[in-house]
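Structure 1 and structure 2 below are two forms of the same protein chain, each written out on its own as structure tokens.
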Structure 1
Amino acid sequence: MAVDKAFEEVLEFVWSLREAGSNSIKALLEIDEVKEAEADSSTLEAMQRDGLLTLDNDSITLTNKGEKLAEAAIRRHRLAERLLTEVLAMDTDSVEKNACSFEHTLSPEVTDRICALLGHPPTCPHGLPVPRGECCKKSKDAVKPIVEPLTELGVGDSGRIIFILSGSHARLDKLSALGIVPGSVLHVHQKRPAFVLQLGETSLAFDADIVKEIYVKKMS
């Protein structure tokens, strides 16, 4: 289904507002990007007629149809942000503006290829979740990722941490206290019997089950 750009912007920001705990129509229409897309109350009414959302006083809710389209739009946008940040190394001020334009050109196939290339990142650069795609469920990808588990690096290699994929808050807190956070650079000194990593002037030893949760971009 082809979706009008204004419709896509609305769907994205309804989703984003919901993540922030709001479903206010007034708040939605005050967002700069929504204004720039020339979306207004008549746009919302048209979307309601198309079965994308429902309106009730100041509340807005996505239908199942709207939910799927919003999820796809959010996925494209957040992957675009990752691509522009990690591959093209664009500055923070430029990323959001360009991601907004770039995302509308991405087909589902290209979106999945970008996701695979980036190692299926769980979050965007702002820490917000990237919705999972079909490609994330496959064991192998045709595209070699540029972001990979730290375990894939060889002895002597260095990698910049892109994200840490762990369900343990205690573990994340421990790693953070050691300075192992996105943006830090780790050097692999040893892989067996335990991983020995160099962070600045500090050497740290970890089990493989911790290291495999750290995703990095290999440094040349």
Structure 2
Amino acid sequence: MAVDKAFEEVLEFVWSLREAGSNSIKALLEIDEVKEAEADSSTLEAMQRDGLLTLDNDSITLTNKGEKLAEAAIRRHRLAERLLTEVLAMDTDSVEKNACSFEHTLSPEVTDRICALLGHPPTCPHGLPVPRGECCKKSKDAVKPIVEPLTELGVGDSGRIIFILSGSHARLDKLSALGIVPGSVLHVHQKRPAFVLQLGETSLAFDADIVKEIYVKKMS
């Protein structure tokens, strides 16, 4: 179902405005991004005609149909933010810019895949809730994300490294010299007082700071 990009943008802001505790049309139209999407009161009226929302004086309410679309758009947006921040390690400014254009091209299927890749994150990088998708509701899947920080594994678990997110060159160099690179399998021996990991026949001790930057896929 193709929805006008401006409509989608408006729906998202109605949603986030509501999270902030407001349903004012005036406040909505004041938002910069809404202005940028060239949405004005006529857009809102067009959306009302399409049955996405209802307008009453200054207050705005989503219809069931609008609610669903808004939820999906918010979900895409916030997952995109997480993907760009955590996996692609982009800085805050470019995350916002890219997340906005990225979200409109994501199919539901890709969205669910990203959600699983990120381990069904409950919140976006700003701490706002990511609406749950079908994928998160499948009970088994919800507690077993595909990729998670190694710190999330239990003692005795093994994980295959998918990526290492570190801003420190020295750290990456050192890890790779020890053979810790994507594809390697690490076994968690202990988590406290420091991490003890097994790689092949080598036991290595690490700080939790380093271990939380190593993202793995748990092996059964």
Partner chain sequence: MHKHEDAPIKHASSNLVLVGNPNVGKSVIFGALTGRYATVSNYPGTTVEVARGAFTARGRSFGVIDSPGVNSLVPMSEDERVTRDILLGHEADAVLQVMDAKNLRRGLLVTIQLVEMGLPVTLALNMYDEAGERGITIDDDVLSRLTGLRVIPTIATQRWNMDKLDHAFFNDTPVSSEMRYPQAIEDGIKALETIAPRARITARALAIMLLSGDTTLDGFLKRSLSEDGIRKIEATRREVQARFTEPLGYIINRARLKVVDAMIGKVVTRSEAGHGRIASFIGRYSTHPVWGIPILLAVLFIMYEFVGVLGAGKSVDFLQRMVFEAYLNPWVTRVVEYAFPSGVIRDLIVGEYGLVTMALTYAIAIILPVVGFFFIFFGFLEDSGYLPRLAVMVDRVFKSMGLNGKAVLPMVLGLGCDTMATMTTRILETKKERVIVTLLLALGVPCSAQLGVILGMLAAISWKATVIWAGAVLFIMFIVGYASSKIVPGAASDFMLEIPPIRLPQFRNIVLKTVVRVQWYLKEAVPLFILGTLFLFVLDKTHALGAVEYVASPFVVGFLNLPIEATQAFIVGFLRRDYGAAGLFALQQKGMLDPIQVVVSLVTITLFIPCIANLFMIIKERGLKTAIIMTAFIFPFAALMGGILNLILRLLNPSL
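Just so it is clear, the structure is predicted and the values come from calculations on it, not from any experiment. Along the sequence of structure 1, residues get numbers from 1 upward. Between two forms, the rigid core is defined as the largest C-alpha subset superposing within 1.5 Å.
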Of structures 1 and 2, the form predicted on its own: 1
Can a Cα shift of no less than 2 Å be assigned to L52 between structure 1 and structure 2, given superposition on the rigid core? no
Rigid core fit then W15 CA moved by 2 Å or more between structure 1 and structure 2: no
Post core alignment: A70 C-alpha displaced by 2 Å or more between structure 1 and structure 2: no
Relative to the superposed core, report the C-alpha shift of V188 between structure 1 and structure 2 in angstrom. 6.4
Let me know the CA shift of L153 between structure 1 and structure 2 in Å, rounded to one decimal, core fitted. 3.7
